[in-house]
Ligand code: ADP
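One chain follows as structure tokens, the form predicted alone.
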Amino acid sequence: MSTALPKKPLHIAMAASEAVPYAKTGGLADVVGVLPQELIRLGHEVTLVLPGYRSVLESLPSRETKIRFTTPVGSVSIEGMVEEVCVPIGGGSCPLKILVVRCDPYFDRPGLYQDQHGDYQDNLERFSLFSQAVLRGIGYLHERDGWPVDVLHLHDWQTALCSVYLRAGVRGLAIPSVKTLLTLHNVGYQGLFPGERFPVTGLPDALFSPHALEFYGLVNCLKGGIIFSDAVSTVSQTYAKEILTKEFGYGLEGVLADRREGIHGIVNGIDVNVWNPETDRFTPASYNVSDLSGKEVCKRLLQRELGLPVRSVPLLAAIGRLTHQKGFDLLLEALPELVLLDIQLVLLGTGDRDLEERWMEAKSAHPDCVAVHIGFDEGLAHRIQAGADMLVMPSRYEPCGLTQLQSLRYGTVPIVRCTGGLADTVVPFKPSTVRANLATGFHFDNPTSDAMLSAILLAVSVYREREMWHSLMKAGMKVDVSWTRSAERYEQLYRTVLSSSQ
């Protein structure tokens, strides 16, 4: 009887503009911070390439300079270097190799993409240079180690140009053996720049066309990556379908439709070692699916911390960026009705100044039932997840979402708009799912305050049926929200890309 041979380990290079714990502005960093570790645990070699931001240089002080390069950026030649550091994973000997692209005039700045005045005006130059340096770095590893990179995994517009440089035959940047996968975390951010600045990329003039990077007279970095990458993925199956429509495609729905059969949806996971109600260092009490008593302790102490009366009423939480996309304006619209329900509401987030001010006004108007913390506080985010009864995510669109995965882990029942990853990860409360013990939360379809309020009213009524509510909590806590399954799906996708003749 024949025995199947073990599959050959892969060498995966992952290029991204941010990754925890080195640099973060959003969920992209959480994904790139954990996925390489999971791939290493599956037996693969992983090299992560990051820009040498100030925070990266401070977080990784011990680095070795490996290669120096000179890259034309428009009419100017820019000098830089690629430095290397190996980071142990999980206390073991298997390291994550990190390449840091050093070009201090471009990256050694307080912010990643912007300062208090807005986006950096030279972001096209910065990420054109970074994309070229990524290819120089992995080319160097090939020559030094004799183990070529099998797949170059790119994330969002900041690295999308890597695929273009690879396929455009730019001297010194062509690596014939490597395949590319571009993951779209949010199609709303495309890397758009004035058309007259295309020459700074160093790409052939012929690529500034509707069939490549030109987009209504602008340079569109993401479009180039979608066209030139060997495969494209996004962060949930529903979002993979949504981006083919005008509502969610942001002008790229036609380009994406051309690749319809090759867009793969893989839901993100969370770091279940960090987000664990049994061991969370930020919370005052621990609990698990078998013993929920610690969650009641967390709720009472959270109410005290927030200055809310300690009462046995539903505590509803909202955590995230205060932007139009996240829909927290809908929650404000519904506030007059919500405060009549005898519930409490806590919001943690930062973003649009107008929304921040309106939420602070709501807190002043309803101090006994509304608590607001403007800013980012990691510890408070954990304590809210542990102490709240429900989490509301009224997003107008949500490619995947991580906050609802955290809430499932903590038995905090999510109430979500039925879009993107929210639709894929929260099983809605309805007779069939309740009978099967599968329901984990509540859906609403339309991005309106009325639709959201109806879902909240249903949740509040179910909350009063304690046995049914505990069933919802426990079903959510049993869901596998780790990266393990998602990493295995990425492994399968890498092998599919490698076996393709595309």
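Quantities reported herein were computed from a predicted structural model and do not represent experimental measurements. Start at 1 and count along the sequence shown; that's the residue number.
As for the form predicted in complex with adenosine-5'-diphosphate (ADP), it is not shown, yet the points below apply to it.
When adenosine-5'-diphosphate (ADP) is considered in the predicted bound form, R167 lies well away from it, no heavy atom lying within 4.5 Å.
At the 4.5 Å threshold, heavy atoms of F376 reach adenosine-5'-diphosphate (ADP) in the predicted bound form. Interface residue remark: G33 is not counted as part of the site for adenosine-5'-diphosphate (ADP) in the predicted bound form, having no heavy atom within 4.5 Å.
Proximity of W275 to adenosine-5'-diphosphate (ADP) in the predicted bound form: non-hydrogen atoms within 4.5 Å are present. Shown alone, this chain has one stretch from 470-478, 55-63, 25-33, 434-442 that lies within 4.5 Å of adenosine-5'-diphosphate (ADP) in the predicted bound form by heavy atoms: 25-33. When adenosine-5'-diphosphate (ADP) is considered in the predicted bound form, only one residue from S233, Q406, T71, Q190 comes within 4.5 Å through any heavy atom, namely Q406.
L402 is the sole member of A371, L335, L141, L402 with a non-hydrogen atom lying within 4.5 angstroms of adenosine-5'-diphosphate (ADP) in the predicted bound form.
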